[in-house]
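Heads up, the chain below is alone and in the form predicted on its own; it's given as structure tokens.
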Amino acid sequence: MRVAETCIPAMTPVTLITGFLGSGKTTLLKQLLDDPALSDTAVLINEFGEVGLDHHLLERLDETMVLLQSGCLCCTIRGDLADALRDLLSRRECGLVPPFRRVVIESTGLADPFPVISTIKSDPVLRHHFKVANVITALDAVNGLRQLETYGESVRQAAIADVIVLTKTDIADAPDVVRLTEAVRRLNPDAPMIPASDTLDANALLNGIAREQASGFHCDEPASAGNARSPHGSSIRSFVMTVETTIDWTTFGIWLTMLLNRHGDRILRVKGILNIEGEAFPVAIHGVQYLVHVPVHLTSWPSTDRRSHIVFIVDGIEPALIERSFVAFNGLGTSSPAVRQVEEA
């Protein structure tokens, strides 16, 4: 691949593929890399020998880097992720590797996705060259429910996902798939769930297009997400806060910034559609722990409901705490009916 053949974007999108041990991440990665649209992709994995992509191997560039038959560049992460990304960036700028236009990172099965996202957002070099596209979580249809009930890592991987790919649906019992889907929906009410057996649009998945709906934001309807705490003590739950009045954008921004600064490690996700004072159409917000994406100004309302709906996925925080904070900060009064919290019993 010649440098002239690829237009390198100013901000290279990064997709994280995560999922618990045995969830089928590697199989999913192989499936995606078979798509010619991803021939200009750099893949970062923890140990190349464990991933089993050798049938794609075309050329070894050095002890940690190989060029795959598909045209993708595959690297082993043997140290810090930030170092690996900076090294890739440097090699691309010097013309020492194919001019990749996107990066895919496959995490270990026991990894919390947030540190990867945080690394890209906070590193002084990386944040000027890379942007997070989305998080794809592979979820095992056979063992996924047990893993969600047992391992906090699995819960966090599902809760933080932009897209969930259900693997092994061909060998799973249909009732088990239904129960797993219901459990995931209590954790993550609106992430698209796609069977791996379907024909996957790799380009859409890796660039975050799959999570968009006609409104431009996937959380169109408020959902009663319920209590996702498992019998093994996980304290992760989802809830929706509905605001009856219009919201002052400046005040809301200060409140959210302060909330995440204080509790960001326990707020896995916040997203919603806001009725902003003085705006004809809603504004969509989306944050992961301490990080908040650029707000999206929608061009229409998704329904006749003009109230603001904010979905929280939290770990160990009582919904009432967030509600009281919002009401007090926005001067709505402690007994104001302006905020309604929806939570399943």
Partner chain sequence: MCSLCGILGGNEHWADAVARPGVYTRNVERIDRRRERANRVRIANRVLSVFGLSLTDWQGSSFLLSTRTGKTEIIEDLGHLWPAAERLCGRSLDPLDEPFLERLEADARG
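Numbering follows the first chain given and starts at 1. Take the two forms, superpose them, and find the largest set of C-alpha atoms that agree within 1.5 Å; that set is the rigid core. The shown structure was predicted, so the numbers you read here are calculated from the model rather than taken from an experiment.
Just so it is clear, the following notes concern the form predicted together with the partner chain, a form of the same protein that is not shown.
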item	value
Listed range touching the partner chain, judged in the predicted complex by heavy atoms within 4.5 Å, from 37-45, 23-31, 303-311, 290-298	290-298
Partner proximity in the predicted complex: R101 to the partner chain, non-hydrogen atom cutoff 4.5 Å	no
4.5 Å heavy atom contact, L259 to the partner chain in the predicted complex	yes
4.5 Å heavy atom contact, D80 to the partner chain in the predicted complex	no
I317: touches the partner chain in the predicted complex, heavy atom cutoff 4.5 angstroms	yes
Answer option from R146, R179, R86, H128, heavy atom within 4.5 Å of the partner chain in the predicted complex	H128
Every residue of D248, G253 and A328 near the partner chain in the predicted complex, heavy atom within 4.5 Å	yes
Partner contacts for 258-288, taking the partner chain in the predicted complex and a 4.5 Å heavy atom cut-off	M258, L259, N261, R262, H263, I276, E277, E279, V283
Cα displacement of A172 between this form and the one not shown reaching 2 Å, rigid core superposed	no
Core fit, then L28 C-alpha moves 2 Å or more between this form and the one not shown	no
C-alpha of T181 off by 2 Å or more between this form and the one not shown on rigid core	no
